[in-house]
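The chain below stands alone, shown as C-alpha cells; this is the form predicted alone.
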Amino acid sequence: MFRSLLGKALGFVGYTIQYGCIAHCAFEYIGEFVVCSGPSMEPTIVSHDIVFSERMSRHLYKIQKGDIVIAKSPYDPTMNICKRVIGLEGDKVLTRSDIFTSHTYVPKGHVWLEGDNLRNSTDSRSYGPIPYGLIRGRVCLKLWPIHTFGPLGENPNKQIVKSCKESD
C-alpha cells in the first residue's frame, strides 16, 4: 500500500515537472498573453486590452519598423513597456518637441521605440535607443476586448525614418 501510494505521488510529481518545463518553454520561446496598461499606445492599444506577444521574431532578429513590441523598461527592469518600433540600428530618427527638432542615429544593437500617443508616452524620446536584448516579444494579435480582436493597426503618427542607405 505504501509503495503504491509513493509510486503515485512520484508519478504525479514527475508529470508536474514535465508539464512545468513544457509551459516554461512555451512562454519563453513561443509567446505569452499580456494585459496592457497605460495611455501611451492609444488609440491602437488602450488600458486593459489583452494582446498576444510572440517571441520567435525576437530570437530570429526579425523585428521590423512598425512592429509593436513588449520590452523591459530601461528605467525599471521589473516593469514591461509596450511601444512601437520606429527605428532600427543605423536609422536616422527625427524627433520633435514643442521647442526643437533633432535627428538621432540608432546605434548598432539598439532600436528606437515610441508610443502611438506621442503626447502621453515615455519612450526613446526620453531614454534614447534601447538595446535589442531588452525586447521580450512582438505583439501580433489583440485578443480582448472581443470586438477589437485581430491584428493591430498601422502607426497613426506616420513617422518618417531614414535608414543609413537612404540618408543624406
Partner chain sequence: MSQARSSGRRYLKAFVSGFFVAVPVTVTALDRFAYVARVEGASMQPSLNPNGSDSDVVLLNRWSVRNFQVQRGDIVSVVSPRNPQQKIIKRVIGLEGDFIRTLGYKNRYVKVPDGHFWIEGDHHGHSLDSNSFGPVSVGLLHGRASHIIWPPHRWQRISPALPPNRGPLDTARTKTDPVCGHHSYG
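Because the structure is predicted, anything quoted here is derived from the model rather than measured. Numbering follows the first chain given and starts at 1.
Missing here is the form predicted together with its partner chain; even so, the following discussion is about that form.
Peer 1: Picking from 45-53, 118-126, 133-141, 30-38, which part of the chain touches its partner chain in the predicted bound form when contact means heavy atoms within 4.5 Å?
Peer 2: Correct option: 133-141.
Peer 1: Spell out, yes or no, whether the shortest heavy atom distance between G66 and its partner chain in the predicted bound form is within 4.5 Å.
Peer 2: Contact check for G66: no, nothing within 4.5 Å of its partner chain in the predicted bound form.
Peer 1: Contact between P74 and its partner chain in the predicted bound form at 4.5 Å, heavy atoms?
Peer 2: Contact check for P74: yes, within 4.5 Å of its partner chain in the predicted bound form.
Peer 1: Is I146 close enough to its partner chain in the predicted bound form to count, meaning some heavy atom within 4.5 Å?
Peer 2: Close contact is absent here: in the predicted bound form, I146 is far from its partner chain, nothing within 4.5 Å, heavy atoms only.
Peer 1: Answer yes if any heavy atom of L10 is within 4.5 Å of a heavy atom of its partner chain in the predicted bound form; otherwise answer no.
Peer 2: It does not: once its partner chain is placed as it appears in the predicted bound form, L10 has no heavy atom within 4.5 Å of it.
Peer 1: What residues of 1-39, in sequence order, lie within 4.5 Å of its partner chain in the predicted bound form by heavy atom?
Peer 2: Residues within 4.5 Å: Q18, C21, I22, H24, C25, E28, Y29.
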